[in-house]
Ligand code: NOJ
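Take a look at this one chain, the form predicted alone, written out in structure tokens.
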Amino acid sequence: MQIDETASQETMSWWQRGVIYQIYPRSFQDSNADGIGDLDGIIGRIGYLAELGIDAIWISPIFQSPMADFGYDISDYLAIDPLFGDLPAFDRLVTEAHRLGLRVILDYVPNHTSDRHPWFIESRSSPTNPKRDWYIWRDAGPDGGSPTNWISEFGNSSWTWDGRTGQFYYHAFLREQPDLNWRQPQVRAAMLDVLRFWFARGVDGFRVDAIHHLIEDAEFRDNPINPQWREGRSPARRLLRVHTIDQPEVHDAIADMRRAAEEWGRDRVLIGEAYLPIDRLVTYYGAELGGFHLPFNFHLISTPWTAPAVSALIEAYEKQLPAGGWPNWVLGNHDRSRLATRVGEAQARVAAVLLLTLRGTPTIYQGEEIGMGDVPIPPERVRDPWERNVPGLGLGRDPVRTPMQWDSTPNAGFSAVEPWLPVSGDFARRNVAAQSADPGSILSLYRSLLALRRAEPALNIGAYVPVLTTEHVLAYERRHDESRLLVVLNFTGQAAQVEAGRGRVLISTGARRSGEEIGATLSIGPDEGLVAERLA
């Protein structure tokens, strides 16, 4: 249990009190009928986001890019790709978001550039070019092959031969995404200036991509074989990545990023993406909290969806947080199977209650609030390079990146033309317009939860206190000053009876009405999640 008696709305930062909403811009709203979402599309829908009740939007990469990996291969960090708009459009978006009380968070991709970035073009031009060591170049191994056995995240070797200069270059992802050399001081300075450029344009923070990949082993040692790897799993996991991720020097680079952010005041936020065990993840808060404000906690995505497993995760995470470290929770993003597909439609409502009542900052992925699921992608429509590199393993991310479903008009109101990815077949009934008019919809549930979270300090900054865990049910309290809110979640389709204490219902995913009193012995319905005000 974590309790801070001095916590108040005034002493906590907006990113601690608030809720973040991830926008995948290619699929949010198309404004110019090219089938791809854009900045003007986000501006046109931003009123919806303000009404939803979130506090910040995080926009996946919108920078100039050849789109080998849909924006994560950047050829100019200081320009907007024409697919999405231009700098004036971005400035309009920031202005409108701030007018509506929303913060703007951008993606920052420090690990690699596009192979078409001017820096890499120079680096590749000659072994003696001044920017040669801005990237990671190595001679061939003794057998004439790759310098190490390292495997890229997309399944092939991490090394690509450059015949013109007679060396290999390293890439943790696609060969079109060469890794920057963060041990080179000029690289570090140039990349920190990227942060400063966008902070100067009013950006409120950054989600920092693939931070655990930032620096590799200085001795270029081979990774050991993973004895638990089996056929049918990602080829990238054939090896244990002990020499290619989570290196000690990463934390010095993060500290530099934090200092750059704090040049703009203490209201800016840095969020780090690192898929790591909890004991390693929490080190990314940094020494004396000089690291990330929020190292993204993805563990709910991969934890078995049972009350005991989720309860154990919460306990382990809270226990290992450093003093002063603020928790955060994620149930879905643009890389992982959608929540409703993983846990089912009924449990997606229980998951919404969990996400928005746990202690810490929640992040909602676009479409979760209307219960969108994974969309099957015909082979001829596959766009994701991961799926193309290793077909048949189900690793492709296209199914979770399909267009947002706004209404029942053609293409779900996303575009006037056929979108870049197919729209889900259920869009006519599962869309924002239909659910906005239905008080029993999952969208209405999200709106109610977000409104309650904003109104109740017990939810947005209060302590987490476990109450009970059974085979079926997880119950906990959120406390602040004299306020006590009880959360009870049934993770199964079977009714259960628990001793959770008396309360007055505020929100329920079941048949209970707001204001209904519950007794000390609670019969909780199948797939029910509820939030109640404690009664003495």
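No experiment lies behind these values; they were computed from the predicted model shown. Counting begins at 1, following the sequence as shown.
Beyond what is shown, the protein has a form predicted together with the named molecule; the following relates to that form.
The candidate spot formed by H112, Q177 and D335 is fully in contact with the named molecule in the predicted bound form: every one of the three has a heavy atom within 4.5 Å. Although the partner is absent here, F292 lies well away from the named molecule in the predicted bound form, with no heavy atom inside 4.5 Å.
The named molecule is not drawn, but in the predicted bound form it has no heavy atom within 4.5 Å of D81. Among heavy atoms of F414, none comes within 4.5 Å of the named molecule in the predicted bound form.
In the predicted bound form, the named molecule sits beyond 4.5 Å of every heavy atom of K131. Only one of D246, E456, E387, D209 comes within 4.5 Å of the named molecule in the predicted bound form through a heavy atom, and that residue is D209. Between the named molecule and the residues Y135, F154, F90, F427, the one pair within 4.5 Å by heavy atoms in the predicted bound form involves F154. Heavy atoms within 4.5 Å of the named molecule in the predicted bound form map, among the stretches 264 to 272, 460 to 468, 446 to 454, 67 to 75, onto 67 to 75 alone.
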